[in-house]
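Single chain ahead, written as structure tokens, the form predicted on its own.
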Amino acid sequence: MNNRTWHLFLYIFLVVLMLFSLIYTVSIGATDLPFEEVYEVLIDHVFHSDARLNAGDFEMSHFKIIWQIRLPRTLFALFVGAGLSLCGAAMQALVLNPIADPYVLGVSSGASAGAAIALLAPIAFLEGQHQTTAFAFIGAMCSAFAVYILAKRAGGGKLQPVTLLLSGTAVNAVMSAITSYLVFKARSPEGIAAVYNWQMGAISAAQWRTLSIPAVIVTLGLVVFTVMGSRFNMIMMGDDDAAAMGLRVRLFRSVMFVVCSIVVGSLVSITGIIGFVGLVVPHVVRLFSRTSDNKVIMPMSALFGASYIMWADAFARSAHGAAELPLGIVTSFIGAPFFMYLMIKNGYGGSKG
């Protein structure tokens, strides 16, 4: 089987897996529901205007659980997984480092610090979720550029894997300190509780009204990263070679960092810090796709990441009954050992930039 046929098979498999996961994980929770009922309720509501529900074929309580609670949450998990996986694959290409992702490089903690400022500091700029998203984006972008500039200077003008990792650790610590200080100074119990929830990571707050902005941003991010796949391939050859082929390396890297920050900020402003998704998923995709072509890696990472987080969230909300496990804990239990394995395998980061 040649690469093109294999990639087509993988695309079909990942799309089917994502659609199956979307329906099946809706049935999982403190109250388990039959998969067949979930499927029939969704078909009835979307295509038949609740005809069977009005006829009494389904319980109203089950309909509310499926449509009003679990489906928006599962859809949000889909976009969280797709967005974080995309940004992980993009960052690994941009900084020439196989252990880069929004969590490791401090982008997630920067977004969380920005969200904490919006929640806990009295700032008259926008309001509600829009203010939180805007400040999360600003925090994510500041972290991304701080890590990039610090690593560049520490590496003598080049992006060295070790200096990049250390820079991400340093910026992560600073942003976490900002968040902790804001919590220390805060007087609102509700705001403090919200910030703590962000630090652990969860998507239990997902609702239909909070879904539109992340959905649009992640979809646009997918389009941008996939279209720019060939340029990502060029930059992975090294800055000098990419520039020789006509790529404006500094501009391209800066713009892509901004796109990553927008995507991460839009997600983290609602979910909090969900670590290691962008680290694990692109590596698994590269392993099974047997390619490093970013025109393939980007969309496949989004598809696989979507299924990964839907199942991780289903486990988080069902593993301890009514007591929900934060999603960030689940992904860290999976991702942290994988991160340590990659560090050992690649000699603390693989090839130099």
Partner chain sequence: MKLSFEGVEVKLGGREILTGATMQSHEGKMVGIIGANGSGKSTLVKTVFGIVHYHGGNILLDGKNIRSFSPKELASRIGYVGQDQSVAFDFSVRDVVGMGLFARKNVKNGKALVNEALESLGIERFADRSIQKLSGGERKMAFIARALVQGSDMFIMDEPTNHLDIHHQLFVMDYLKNCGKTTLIVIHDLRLAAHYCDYLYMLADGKVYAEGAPIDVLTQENVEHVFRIGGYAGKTKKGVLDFYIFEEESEGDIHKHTN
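Values in this document were obtained by computation on a predicted structure and should not be read as measured data. Residue numbers count along the first chain shown, from 1.
Absent from the display: the form predicted in complex with the partner chain. The rest refers to it.
- The partner is absent here, but in the model of the complex a heavy atom of 97, alone among 97, 133, 74, 261, sits within 4.5 Å of the partner chain.
- This chain lacks the partner; the member of 31, 292, 68, 49 within 4.5 angstroms of the partner chain in the model of the complex by a non-hydrogen atom is 292.
- Looking at the partner chain in the model of the complex, residues 78, 318 and 324 place no heavy atom within 4.5 Å of it.
- Proximity of residue 273 to the partner chain in the model of the complex: non-hydrogen atoms within 4.5 Å are absent; the residue sits far from the partner.
- At a distance threshold of 4.5 angstroms between non-hydrogen atoms, residue 45 is out of contact with the partner chain in the model of the complex.
- Looking at residue 153, you'd find every heavy atom of it more than 4.5 angstroms from the partner chain in the model of the complex.
- For residue 179, no non-hydrogen atom is located within 4.5 Å of the partner chain in the model of the complex, even though that partner is not displayed.
- Stretch 247-255 is the answer when you ask which of 107-115, 262-270, 247-255, 162-170 has residues with heavy atoms within 4.5 Å of the partner chain in the model of the complex.
- Residues from 221-260 that approach the partner chain in the model of the complex with a non-hydrogen atom closer than or equal to 4.5 Å are 231, 233, 234, 236, 237, 240, 241, 243, 244, 245, 246, 247, 248, 250, in the order they occur in the chain.
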